[in-house]
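Consider the single chain below, provided in structure tokens and representing the form predicted alone.
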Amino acid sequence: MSHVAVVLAAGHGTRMKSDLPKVLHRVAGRPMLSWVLDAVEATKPDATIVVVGHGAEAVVESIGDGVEYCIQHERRGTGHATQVALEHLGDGTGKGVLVVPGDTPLITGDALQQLVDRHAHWESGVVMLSAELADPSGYGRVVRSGGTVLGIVEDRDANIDQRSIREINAGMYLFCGDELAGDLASLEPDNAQGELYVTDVVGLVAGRGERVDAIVVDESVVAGINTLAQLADANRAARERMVGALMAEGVTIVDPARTYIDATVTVERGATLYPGCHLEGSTIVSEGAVVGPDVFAVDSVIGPGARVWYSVLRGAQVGGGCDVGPYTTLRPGTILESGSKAGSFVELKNTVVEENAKVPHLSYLGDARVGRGANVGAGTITCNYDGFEKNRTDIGEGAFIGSDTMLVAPVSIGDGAVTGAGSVITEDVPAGALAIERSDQTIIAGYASRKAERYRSQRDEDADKER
């Protein structure tokens, strides 16, 4: 039997204490809903319907191609949400219906495929996922008799004996669509929440003597997110999966517990990550690169064999064999070409540092080009903002910028040109020329001893006055 999928994503998530819809909270850099949709799509449904409610516009915006949505305007529980989805599907009730909550980001396609495979040859009945917990508090319990599933009772509605059951409902089912529509229509809100529970359908099916199977899976796969603490746990689990997969592919990760990688990041075989790496967005770490300790990189590229440590990269490109850090900030638009260097306490913004050029330490360059093989001395600053506009600085190939040079943009330093240390350069410097801007040095002999004598005399005079 072919199937359609219903993803329940209408909840408010009040326990998250956040204005953001619960299913849009991020796990390893992606909304938790996107993880669920990936797992669902792995089962190859004929259609996927996402039921939205709270924050519907924001949730819909995050849904990719190939997914439909419908709105649960009046949120009356999971049973009502599933009804809304079936009404949207129209003729979809002639198929199996896979129902999955949108707040279970650790669910895998393999786990959901078990439901599809087990249900494949049935004409009626239900297959569901369950897990055994040491502390099942807060979860619906799977009630069995002699191993046969009789139904599900929610935690708030359970009696003392039922609350001792450790097998919990994971909220993931595969129903027969023809039966599901009728069963949902017969639900009554006679429970502590006053809602229509899709879980009650399991009891209706079992009560007719039809087959109900509960496939027990590891609790980590079906963990739901209701609090920020559970969100942190899910992030930790997702990172562990990704880090394990990367190490299996040949990435050296020195301390997996202190390495934080988004699912959207690419780390190539042969790279090494030291503790404290936070890699986010579309970041790429190339083969042979060494990153960390303590690097934050978002939407950045770190080239083959590059070394980046104790640094922050935002929208930057670091070429092969580059050396970055420590304590370097590369802001958006920065490009380091192969073999170049941005050293300690350097900040670069919208700046291209060409091949083998160096900005070794204690400099700020904004809206600039540093030509191939050029060297920028310590303390150099491009004065790129005149109070109204950002202006560019161009440093030619092989140029040598003396320490503590102020380059007042717009300004151009020619190929092979030199600036004297401590200069304020306001005009273009021709290729091969030396530019110096400073006053003549004046030497006053005996100044230090005379100053000391004046100080002692004043001190003695003040002391006499006090007496």
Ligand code: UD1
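All residue numbers refer to positions in the sequence shown, first residue = 1. Note that the structure is a prediction, hence the values are computed from the model and not measured.
Below, we refer to the form predicted in complex with the named molecule, which is not included among the displayed structures.
S.K.: Mind telling me which stretch in 304-312, 102-110, 237-245, 377-385 gets its heavy atoms within 4.5 Å of the named molecule in the predicted bound form?
M.R.: Partner-contacting stretch among the options: 102-110.
S.K.: State the residue from R75, K390, R144, R166 whose non-hydrogen atoms include one within 4.5 Å of the named molecule in the predicted bound form.
M.R.: Result of the distance check: R75.
S.K.: I'd like to check something about L115: if you look in the predicted bound form, is any of its heavy atoms closer than or equal to 4.5 Å to a heavy atom of the named molecule?
M.R.: It does not: once the named molecule is placed as it appears in the predicted bound form, L115 has no heavy atom within 4.5 Å of it.
S.K.: Please run the contact check for A85 against the named molecule in the predicted bound form: heavy atoms, 4.5 angstroms, yes or no?
M.R.: No, A85 stays farther than 4.5 Å from the named molecule in the predicted bound form.
S.K.: Examine G373 and determine whether its closest non-hydrogen atom to the named molecule in the predicted bound form is within 4.5 angstroms.
M.R.: The answer is no: G373 has no heavy atom within 4.5 Å of the named molecule.
S.K.: Although the named molecule is absent from this view, report whether G224 comes within 4.5 Å of it in the predicted bound form, heavy atoms only.
M.R.: Yes.
S.K.: Could you run down 324-351 and flag each residue that has a heavy atom within 4.5 Å of the named molecule in the predicted bound form?
M.R.: Heavy-atom contacts to the named molecule in the predicted bound form: nothing from 324-351.
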